[in-house]
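There is one chain below, alone, in structure tokens, taken in the form predicted on its own.
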């Protein structure tokens, strides 16, 4: 299974997610390889304690080394194909052969996790094109969610399976959009909430994923739950730890039916819970098709989220 981890903007926590998810899957007994496909700003190796590595994905793409001979072994047993830190080496890289090399890895490993470039440019789109499934990493803030919507729409145009959203750096404060609000405007399930945790920052400084040295920390537990969702070993009883706050009851029930309903049906189930007078005039699942454009879509997104935040603040 080739899974690309993408984000609409930089700084969302994509590389942290790739490193921790990879190690967590390895600890579950899976054969895992993580690949740094962020050609121009590679740093996955630094997250994993790889400082000196003469052979990188860049050399593989230049046909200087075969891909299976270019992997490094992390202390967890996970294999790593880092990218070069050199700006010069990153120049004139052709992405034509990346699919072929990743398909080779896909035949050797249970999971190939791709850390992609942020945004919607060629590097990011290449990671989407070669993936079997997509994980979208975003933060609970309006600009990040708006950018996530753009990359979700592009992935859908490529007919890719979007596994879900990883909501990273969650403070669980009242000014943050609720999980169900994010799911409603993106039409994609949030399958993990990673809390803001100082252990993550310390683990990055230590060049060791938080799931390795601080596995009992809140963030590590969330990453392990994410890995269980990816493998299908997730138990529904753990849901309250992920979906906290006002929306926990609603989404614990929604998760029970999500295996049987499409994302559109799931969204309709959430909307149908509101009284008719409250939903009158609101079309969170349809307005993008009706108005046809990202500017209208983003405008409606902002209005919906801000309205819900004001309603919650008034209730308090």
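From a predicted model like this one, the values you see are computed outputs, not experimental measurements. Residue numbers count along the first chain shown, from 1.
Heads up, the form predicted together with a small molecule isn't pictured, but that's what we're talking about next.
Undergrad: Can you pick the one in 85, 154, 104, 204 that has a heavy atom within 4.5 Å of the small molecule in the predicted complex?
TA: None of the others qualify; the residue that does is 204.
Undergrad: Evaluate residue 227 for contact with the small molecule in the predicted complex, applying a 4.5 angstroms cut-off between non-hydrogen atoms, and reply yes or no.
TA: Taking the distances in the predicted complex, the answer for residue 227 is no, it never comes within 4.5 Å of the small molecule.
Undergrad: Does residue 30 reach the small molecule in the predicted complex, with heavy atoms at most 4.5 Å apart?
TA: Residue 30: no, not in contact with the small molecule in the predicted complex.
Undergrad: Is there any non-hydrogen atom of residue 168 lying within 4.5 Å of the small molecule in the predicted complex?
TA: Heavy-atom contact with the small molecule at 4.5 Å: present for residue 168.
Undergrad: Could you tell me if residue 180 has a non-hydrogen atom within 4.5 Å of the small molecule in the predicted complex?
TA: No, no contact at 4.5 Å.
Undergrad: Quick one: find which of 124 to 132, 155 to 163, 70 to 78, 192 to 200 has residues within 4.5 Å of the small molecule in the predicted complex by heavy atom distance.
TA: Selected range: 192 to 200.
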